[in-house]
Ligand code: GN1
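The chain below stands alone and is given as structure tokens, in the form predicted on its own.
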Amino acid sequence: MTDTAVKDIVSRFSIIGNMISAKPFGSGHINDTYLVSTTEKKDYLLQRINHFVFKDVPGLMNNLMLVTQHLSEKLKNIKGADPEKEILSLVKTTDNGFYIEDTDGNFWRVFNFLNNTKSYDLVTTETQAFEGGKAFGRFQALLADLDTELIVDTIPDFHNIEYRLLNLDKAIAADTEKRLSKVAPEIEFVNQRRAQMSRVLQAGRAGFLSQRIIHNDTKFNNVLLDQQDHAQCVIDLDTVMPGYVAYDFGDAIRTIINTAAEDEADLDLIKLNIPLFTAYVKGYLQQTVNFLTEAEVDSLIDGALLLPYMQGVRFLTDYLDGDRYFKTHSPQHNLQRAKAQFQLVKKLEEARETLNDIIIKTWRNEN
């Protein structure tokens, strides 16, 4: 985009000062984000919303406003909390809205930039893991009393394992790329675990688990930390939707506990970092102890196994479909990713009792 085009968009928001520059910012793969500097030395984040992924932009933005306003009101009543630092707040448009649509049909929004913060793509220390658990736990706790009926699904069936398995079954039946013969072990792995991986969903349907407002994308770089590595703000709220707490827990553990990359080709390198797991559990349960039910705590270990399984199913589906969703570096990349995620599931299954003991003991200590 030209500077003139960006300036025209920014001018439609109530920022302080005039734009000096706008530079691409962050490592996100969905929305396009720019760091905007102004003459008043106040920075902003300008973001183009990917309306191919998020098809209901008005619903998404209404979610964002409801969630940030709720967080702000709750933080105002907590001693020592600072909503201006702990929430990535929206900047209003010049006509008192919160987003605009340009002449090309693109949707834009602006956030206040939080200075002196940082994020990490990988968790390397127990302190970081603890702060990540604390951040996402606090996020859930602050939203525990927000009515789920007010929040729309920005990506329907995002963590619905039945939906993901249905898509896999369709890809198997179609076999459009003639790759089915290469994935027999992976399909067998998936099929052996279909019933047990539906536990969280079935428990929710039976009324044992409550639907709550959750983040749905709890990778560590969605936590901003201060210069002392203390959690300050949870960001990237576009996937905030009703769901089960086990989903957020499992998605965070999927990335934190793995000693190797998500697409590691050498499966022998995939092991479990138990100390990082323990630290995350401590931070998470410290914040959620006052609202989680015993059934929800019991579901956390199921979430830890479910999310890498589900991600593996998604990679395998995309491989069979011809790599249409995830960006790949080679024709076998999605299959490699699926194998790595399924290997992580195996390791988690082997350590299930140990990991669940850590969860239960930490829960009892917090109580």
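Here, rigid core means the biggest group of C-alpha atoms that superpose within 1.5 Å across both forms. The numbering used is simple: start at 1 and walk along the sequence shown. In this text the structure is predicted, and so the values were computed from the model without any measurement.
Note that the form predicted in complex with the named molecule isn't included here; everything after this is about it.
This chain lacks the partner; the member of N334, N63, Q311, S299 within 4.5 angstroms of the named molecule in the model of the complex by a non-hydrogen atom is Q311. Contact annotation: of the candidates E264, D217, E177, D226, the single residue with a non-hydrogen atom within 4.5 angstroms of the named molecule in the model of the complex is D217. Using a 4.5 angstroms limit between non-hydrogen atoms, N222 touches the named molecule in the model of the complex.
For I155, a non-hydrogen atom is located within 4.5 Å of the named molecule in the model of the complex, even though that partner is not displayed. The named molecule in the model of the complex is approached by I30, whose closest heavy atom lies within 4.5 angstroms of it. Taking non-hydrogen atoms only, R254 approaches the named molecule to within 4.5 angstroms in the model of the complex. The candidate spot formed by L75, F130 and Q286 lies out of contact with the named molecule in the model of the complex, as no residue has a heavy atom within 4.5 Å of it.
Residues of just one listed stretch (236-244, 202-210, 137-145, 169-177) have heavy atoms within 4.5 Å of the named molecule in the model of the complex: 236-244. Taking the named molecule as positioned in the model of the complex, the residues of 325-362 that bring a heavy atom within 4.5 Å of it are, in sequence order, Y325, F326. After superposing the rigid core, the C-alpha of H333 moves by 2 Å or more between the shown form and the other one. Taking 2 Å as the criterion, D302 does not count as shifted between the shown form and the other one: its C-alpha moves by less than this amount when the rigid core is aligned.
Positional change of D236 between the shown form and the other one stays under 2 Å at the C-alpha, relative to the superposed core.
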